[in-house]
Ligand code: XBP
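Below you will find one chain, with nothing else, as C-alpha cells; this is the form predicted on its own, and questions on how it binds or moves follow later.
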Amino acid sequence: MAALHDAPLRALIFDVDGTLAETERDGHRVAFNRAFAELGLDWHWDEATYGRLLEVTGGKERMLHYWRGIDPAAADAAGAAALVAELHRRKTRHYVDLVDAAAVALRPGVRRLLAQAREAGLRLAIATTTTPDNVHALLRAALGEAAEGWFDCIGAGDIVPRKKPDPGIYLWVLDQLGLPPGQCLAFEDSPAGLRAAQGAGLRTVVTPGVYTADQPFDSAWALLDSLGEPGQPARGRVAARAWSGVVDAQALQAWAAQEAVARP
C-alpha cells in the first residue's frame, strides 16, 4: 500500500444510527415509548409509525413533528418545548440503559472495518444527529471503554444548528480533521444522511438498514447490503460497477485509487 500521505484516502467518517448498528427499531423507538409512558402520555410509536417519523432527523424534532400532527395547538403552546426537552432527556437515559443491556448490536463488518482501518493508519470520525450520550453509550457497550479514543473527531447532537440532510455536521467534522472531502469517505444508511454527506462533497458508502432498505440511493458512490464478513460477503455496486466481497481498508483504498486514476 502507498504511504499514507500519498494515498487518496485518509479518513473514514461514520454515521451512527442504522449505520454502525440497527439502533432505531429496537433502541431509540423503545426508548421513546418508555419516556412517553413515564410522563403519562398516551403516545406510542409502533414500528411502522416510527419508520415514517424517521424522515424527520433529530429526536426532539421528530417528537415535535409528531405532536403537531395529532394536536397542533398543544404542540405550539407555552411549555411545549420544555416538555419535548424533558422527554428527550428521559428517552436518552432509557436508550443508554438498553445499549448497556446489550439490546443493540453492531452491524456485520463494522467492528472488523474499524479495527482494520486503525491498523492501516486511516483516521476515524463520526458525524451524527444523535446525542453525544447515545454515541458514547453505543461505543462503550459494543467496542469497549477505550473505543471513543479510536475516533479523531465525534460530531454529534446539536453541535451544528441544522440536522441532516443539511451538510453542516459533515463540514464541521471535515474542519476538525483538517482534510478535504476528496481524502475521506462517508458511511451512511439513509437518504437524509446521503444528501448531507454529498452536500459536503463526500463520496459515500451506503449500507441501507431495516428502515431504509427500500429507499432510493441512485446517487450513492457505493451501495452495499452490508460491510461483509469472511464467509458472508457484502453485495452491491461501487462506482457503478457490481461488487461482492468484504469491505476492508485495502478495498477502500483500491476503490478510491481507481477512481482517482479514472478522473480526467
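Just so we're clear, the structure is a prediction, and the values are computed from it rather than from any experiment. Position 1 is the first residue in the sequence shown; the rest follow in order.
Keep in mind that the form predicted in complex with xylulose-1,5-bisphosphate (XBP) is missing from the display, and what follows is about it.
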| query | finding |
| --- | --- |
| Residue 58, heavy atom within 4.5 angstroms of xylulose-1,5-bisphosphate (XBP) in the predicted complex | yes |
| is_contact(residue 50, xylulose-1,5-bisphosphate (XBP)) in the predicted complex, heavy atom dist at most 4.5 Å | yes |
| Any non-hydrogen atom of residue 164 within 4.5 angstroms of xylulose-1,5-bisphosphate (XBP) in the predicted complex | yes |
| xylulose-1,5-bisphosphate (XBP) contact at residue 91 in the predicted complex, heavy atom, 4.5 Å | yes |
| Contact segment among 77-85, 112-120, 127-135, 177-185, judged by heavy atoms lying within 4.5 Å of xylulose-1,5-bisphosphate (XBP) in the predicted complex | 127-135 |
